[in-house]
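First, one chain by itself: the form predicted alone, in structure tokens.
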Amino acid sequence: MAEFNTTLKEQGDISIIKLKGYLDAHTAPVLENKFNELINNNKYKIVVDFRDLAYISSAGLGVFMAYIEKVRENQGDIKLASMSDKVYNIFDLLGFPLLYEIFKTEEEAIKKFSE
């Protein structure tokens, strides 16, 4: 069975979720729980770091679509960072760059919140 986990770190009022492994229908609830935890704690400035994500399925992509409205309704955003070319191509194919800001590094995404 494919493994997936997240780690969370805080930098000021920005929450950074680091993804690792395979994000698919079986593991998507792990990420959903992380988003629910942040929203329940009124944390709406979120950076998702994809550096160690090996694979994402449509179920994984759906997690991001499920939470973006709620986050933006509360003056926050979900910014995406450090995608491999393989993962970026999936997001690009589905038009995510029109909906989300995608950065080359986690640091760039964090900096964008302060502009």
Partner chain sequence: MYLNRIYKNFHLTISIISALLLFFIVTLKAGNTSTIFSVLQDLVAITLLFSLSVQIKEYIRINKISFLSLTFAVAVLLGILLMSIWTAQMFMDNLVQKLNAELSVFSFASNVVGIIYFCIFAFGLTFIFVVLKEFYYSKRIKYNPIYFQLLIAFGILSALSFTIFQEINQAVSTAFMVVTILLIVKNSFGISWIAFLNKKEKYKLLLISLAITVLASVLVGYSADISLHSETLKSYSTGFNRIALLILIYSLVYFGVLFFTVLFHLPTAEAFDRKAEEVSSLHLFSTLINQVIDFDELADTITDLTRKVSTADASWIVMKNGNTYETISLKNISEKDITEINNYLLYSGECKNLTKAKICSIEKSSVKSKLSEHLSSVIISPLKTQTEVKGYLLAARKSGLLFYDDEAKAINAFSEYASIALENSRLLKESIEKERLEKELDVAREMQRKLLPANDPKFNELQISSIFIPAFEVGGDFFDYYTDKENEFSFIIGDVAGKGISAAFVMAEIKGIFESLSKILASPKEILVKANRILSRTLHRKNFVSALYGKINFITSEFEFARAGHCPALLIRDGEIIKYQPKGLALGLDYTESFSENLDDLKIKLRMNDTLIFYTDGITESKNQNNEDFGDNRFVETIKRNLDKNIEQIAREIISEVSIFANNSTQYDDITLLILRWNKN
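Positions refer to the first chain, counted from 1. Given the structure is predicted, the values throughout are model-derived calculations rather than measurements.
Form predicted in complex with its partner chain: not shown, discussed below.
In the predicted bound form, D92 approaches its partner chain with a heavy atom inside 4.5 Å.
Using a 4.5 angstroms threshold between heavy atoms, V71 stays clear of its partner chain in the predicted bound form.
With a 4.5 Å cutoff on heavy atoms, E32 counts as touching its partner chain in the predicted bound form. Heavy atoms of S58 reach within 4.5 Å of its partner chain in the predicted bound form, making it an interface residue.
For the partner-free chain shown, Y22, A25, H26 of 12 to 31 come within 4.5 angstroms of its partner chain in the predicted bound form, judged by any non-hydrogen atom.
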